[in-house]
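Here's a solo chain for you in structure tokens, the form predicted on its own.
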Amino acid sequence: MTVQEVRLCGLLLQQHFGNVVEKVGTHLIRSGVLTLRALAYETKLPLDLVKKSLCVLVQHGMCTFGAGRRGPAGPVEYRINCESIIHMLRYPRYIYTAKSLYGDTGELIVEEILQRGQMTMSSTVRTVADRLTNNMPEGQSMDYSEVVSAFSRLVETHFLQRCPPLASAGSSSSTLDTPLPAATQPTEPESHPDCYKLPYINLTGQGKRRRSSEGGEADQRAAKKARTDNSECGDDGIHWQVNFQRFHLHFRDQAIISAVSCKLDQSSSEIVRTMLRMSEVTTPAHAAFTQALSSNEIFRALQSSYNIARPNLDQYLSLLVDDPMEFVGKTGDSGGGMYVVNLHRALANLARATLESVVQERFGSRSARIFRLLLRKRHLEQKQVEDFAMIPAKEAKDMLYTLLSENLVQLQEIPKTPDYAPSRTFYLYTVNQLPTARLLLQHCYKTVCNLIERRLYETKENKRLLEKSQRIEAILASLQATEAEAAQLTEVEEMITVPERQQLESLRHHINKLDSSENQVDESIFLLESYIKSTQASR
């Protein structure tokens, strides 16, 4: 773990779970593996708080546990999962994707499960139906069957999966004899045949509307009834979690489709979309290629609204195969031609475009020209760079040294003789894409940390004004619910002065810009992480 990754994990834990969980999680990251007693002793926290913090982390799949170095008879040891913590950065994107694919019902299902880590199907259906009913006009309610249908579609497309059984998750130290790294990590679908099997639940009815007079007491009553209701519905002990890997595959596919659309046209992107959709569930997560598809299969799977005739399809496929980006490859001639999407090559090109964009934004278009030239030609001497890039010698030299000082360009020495004499040595400039991608990934982590810290600072500085605004909004909501007079509403609204209102608008504008920047940087993080993992898997 690098310094920036530890810093980012600490900020995300603090933002979502508070200071105590952040302290426990950060200490586990730095220490590696610890027992409960050792963790409480080293963090100087009460044992009860450490237990609750570990429960939160385990509930959200961010901490694994299992038998320690002394074997099953010894104390249980805990290990943090940093990758799952960094996934919290992408929670808004997961929720938005569920909304775009499955509507408001899918959005609330994913939101509830992300918020609680893992839930039973019956509990999720009730909670989502109640929330949807509260937002409906008086007299209308959401039927449980509609929420069950949306939940089923999420499971069928593998966006939700069952949590590993307790026996294989290492809940009991006396029966555990699996190695620690495999203790509670999410399993692959093929590892557990029931991973995507929906249980039969006996659940009928409609969502209940929550009255304004009901407060925390209703939540407490619902929590007490949850266990009884689960056993009555028939899914007690069967918990579901979000399949982050499936969401990441969807993000990868969308990035590839968008790149094809920008490079060629909309029809080409729809053909690639169809190829990816046909193999999205059957292709392994880290495969370099999708499964081979014949042009006949692709033509039958194309939607009629695309208006792509068979001769045009063959032309588009030939164009995609011949394109220098190499997003689509041809593997055979049977069935009109067998085609695959080259996933690893696509990710490499997307990462390359990200690197070029960063160089252009930071150092200008001429430096970006030199960077692209070195990516294409591999190794060049300084004089060759000047000639090929058509840049004056003095400027090219300054730009090369600037890129070299930022570790974006490397210098390779090739001696003619063993003594490495400068007069008898070739000095070649080159760009190693993988190390450069790792370097840029660390810069992205640092940027996200700075954005989160700035947002926390802005919120802390304007805490009093935000609390006042929330109190007034709550008063207005209660008055509107009781159908108060317009004069009363105006009087309450005037409790915030004009300067305070302007300050609030400015604060919201800054917070929105910070959130938008955080999401944009996360897109770069995702592309770079996907490229690095794909490169490691292909070796």
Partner chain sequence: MAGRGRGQLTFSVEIVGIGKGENLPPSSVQPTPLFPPLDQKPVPLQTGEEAEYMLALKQEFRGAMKTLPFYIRPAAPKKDVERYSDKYQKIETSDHSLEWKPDWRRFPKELRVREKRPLRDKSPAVPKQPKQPRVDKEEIIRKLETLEQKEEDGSSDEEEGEKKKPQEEEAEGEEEYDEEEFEDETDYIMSYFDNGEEFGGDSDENVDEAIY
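Positions refer to the first chain, counted from 1. Keep in mind it's a predicted model, so treat the numbers as computed, not measured.
The next section is about a form of this same protein that is not shown, the form predicted together with its partner chain.
Of the candidates R362, H344, R153, R438, R362 is the one whose heavy atoms come within 4.5 Å of its partner chain in the predicted bound form; the others do not.
A heavy atom within 4.5 Å of its partner chain in the predicted bound form is found for one listed residue only; from P422, G139, P324, G71, this is P422.
Taking non-hydrogen atoms only, D48 approaches its partner chain to within 4.5 angstroms in the predicted bound form. Taking non-hydrogen atoms only, F159 never approaches its partner chain to within 4.5 angstroms in the predicted bound form.
When its partner chain is considered in the predicted bound form, R246 lies well away from it, no heavy atom lying within 4.5 Å. In the predicted bound form, none of the heavy atoms of Y144 sits within 4.5 Å of a heavy atom of its partner chain. Only one listed stretch (268 to 276, 464 to 472, 95 to 103, 288 to 296) carries heavy atoms within 4.5 Å of its partner chain in the predicted bound form, and that stretch is 95 to 103. Contacts of stretch 365 to 383 with its partner chain in the predicted bound form, defined by any heavy atom lying within 4.5 Å, are made by Q382 alone.
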